[in-house]
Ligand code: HEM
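One chain follows as structure tokens, the form predicted alone.
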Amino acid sequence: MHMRNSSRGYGAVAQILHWLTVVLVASAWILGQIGEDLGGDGPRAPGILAHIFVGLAVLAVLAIRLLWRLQDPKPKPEPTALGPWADRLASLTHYLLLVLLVLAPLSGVAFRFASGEVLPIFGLFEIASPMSGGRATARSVKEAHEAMANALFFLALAHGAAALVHHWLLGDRTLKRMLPGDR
């Protein structure tokens, strides 16, 4: 397996970062759904801390992905039977996924700060909230965070479903390009 992208597919680094993002987003979403039920009370409950850890990991992996992309451009889109409208929709979906990969975790940080809580950074140190805790603001930010996290999760599911449609119904290489061993 090649480390770098080729004209036919994604290299090992891009694939690892992509699938790691998938696992992190799914984990963050699940922890967000059940985190408060995992024991403990309040803002330092283990499930909440795990959710924050994974959300920050999403941002860290995204930063690495974007830096990698700057020096290793992605392959050209795979020609499909669907035509140019599908390429535009795929580009829009990828753009929205990137925006939500940034905004969902950052809105979680904003919620933490709006609640007046510290932000634990991977268990290494904490950043004190620069805001005083206001219930109405915190509630609004929490709702925005949940909406963006849900949008990210379900858009990612749609993205995965589209890859399966390309693979099983259209028979093209769209999915194979992001899997190991396709050269």
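Keep in mind the model is a prediction, meaning the values are calculated, not measured. The first residue of the sequence shown is number 1, and the count goes up from there.
Heads up, the form predicted together with protoporphyrin IX containing FE isn't pictured, but that's what we're talking about next.
In the predicted complex, protoporphyrin IX containing FE sits within 4.5 Å of a heavy atom belonging to residue 109. Protoporphyrin IX containing FE is not drawn, but in the predicted complex it has a heavy atom within 4.5 Å of residue 119. In the predicted complex, residue 33 approaches protoporphyrin IX containing FE with a heavy atom inside 4.5 Å. In the predicted complex, at least one heavy atom of residue 163 sits within 4.5 Å of protoporphyrin IX containing FE. If you take 93-121 and check each residue for a heavy atom within 4.5 Å of protoporphyrin IX containing FE in the predicted complex, you get 94, 97, 98, 101, 104, 105, 108, 109, 111, 112, 119, in sequence order.
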